[in-house]
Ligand SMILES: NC(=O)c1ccc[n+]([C@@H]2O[C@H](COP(=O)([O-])OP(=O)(O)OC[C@H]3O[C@@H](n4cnc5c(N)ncnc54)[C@H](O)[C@@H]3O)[C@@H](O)[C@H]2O)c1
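Next up: a single chain in structure tokens, the form predicted alone.
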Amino acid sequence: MDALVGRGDDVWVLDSLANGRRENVAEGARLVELDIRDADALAGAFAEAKPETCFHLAAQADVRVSIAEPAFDAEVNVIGTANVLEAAREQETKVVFSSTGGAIYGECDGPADEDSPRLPLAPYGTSKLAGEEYLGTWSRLYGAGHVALRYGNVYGPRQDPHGEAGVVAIFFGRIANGGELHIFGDGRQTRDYVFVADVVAATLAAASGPEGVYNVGTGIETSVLELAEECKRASGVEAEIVFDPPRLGELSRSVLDPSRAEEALGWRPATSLAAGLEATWNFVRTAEGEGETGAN
């Protein structure tokens, strides 16, 4: 959003604010509060905005919620995506869809490319894969040229450590408040951590890129235990690590091959894990400090 406003685009933000924050809407962008499950409201907003591109980031993104409430997960991620595609079709809008790599591929035996078997272990991955198939169908049926991006584990500034968040934000939130770092399982499970600025660059590249499905990751896997140590190093704060029982539906190994995105979109990740963690810690530390000041 900031990147779009910064380059002078006319930006509309459609958000239910169920998880998003009004204060995160960039100055100069127009916020329309609605739920993508409301097809009529969505179509009306598209008809008024007449967008060239829709960056479809709305989702139920919590694996645990998808396991506990699979129908709700499908309602948001599948029905909601179909609503977006229909609203976009009426305005001839290209859709760039935020999908997921790890949750779709399931267990990886190495960096997964886009043709690897899709074996999701949780309804969240299944619903995102269904969303991708809807995009493909609309592209074939209407010549829409939509793009799906399979993100790795995205982290960076503005990720809320107190709400539905990734492990980096949670670790830094706990470090900032003097808490323990809880790891589910033995900590040897690996993920592909990709910095938000690199994800923004890939997403913008997809807007003018060819139709298809692309991985957005680094090709580098980092264990959760290694990540905890890196977070402590970035913050300069020692924190105790506590091991909890593993969680249902959690992958042991997830890493993406981003080669196709480099070839087709001209994109490659530019931020090292160390640099990304430093930037994220600086944001969390400042945000936590402001919160404490406000509370007093």
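Values in this document were obtained by computation on a predicted structure and should not be read as measured data. Note that residue numbering begins at 1 and tracks the sequence as displayed.
The discussion below concerns the form predicted together with this ligand, not included here.
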> Among the candidate residues 87, 76, 122, 112, which is the single one with a non-hydrogen atom no more than 4.5 Å from this ligand in the predicted bound form?
Replying inline: 76
> Of the residues 151, 134, 105, 195, which one places a heavy atom within 4.5 Å of this ligand in the predicted bound form?
Replying inline: 151
> Any idea which of 57 to 65, 257 to 265, 230 to 238, 43 to 51 reaches within 4.5 Å of this ligand in the predicted bound form, heavy atoms considered?
Replying inline: 57 to 65
> Should residue 274 be classed as touching this ligand in the predicted bound form when contacts are defined as heavy atoms within 4.5 Å?
Replying inline: no
> Taking 4.5 angstroms as the cut-off for heavy atoms, does residue 34 touch this ligand in the predicted bound form?
Replying inline: yes
> Does residue 99 reach this ligand in the predicted bound form, with heavy atoms at most 4.5 Å apart?
Replying inline: yes
>> Please tell me whether any heavy atom belonging to residue 9 falls inside 4.5 Å of a heavy atom of this ligand, as the geometry stands in the predicted bound form.
In response: no
> Counting only heavy atoms, which residues in 4 to 32 are within 4.5 Å of this ligand in the predicted bound form?
Replying inline: 15, 16, 17, 18, 19, 20
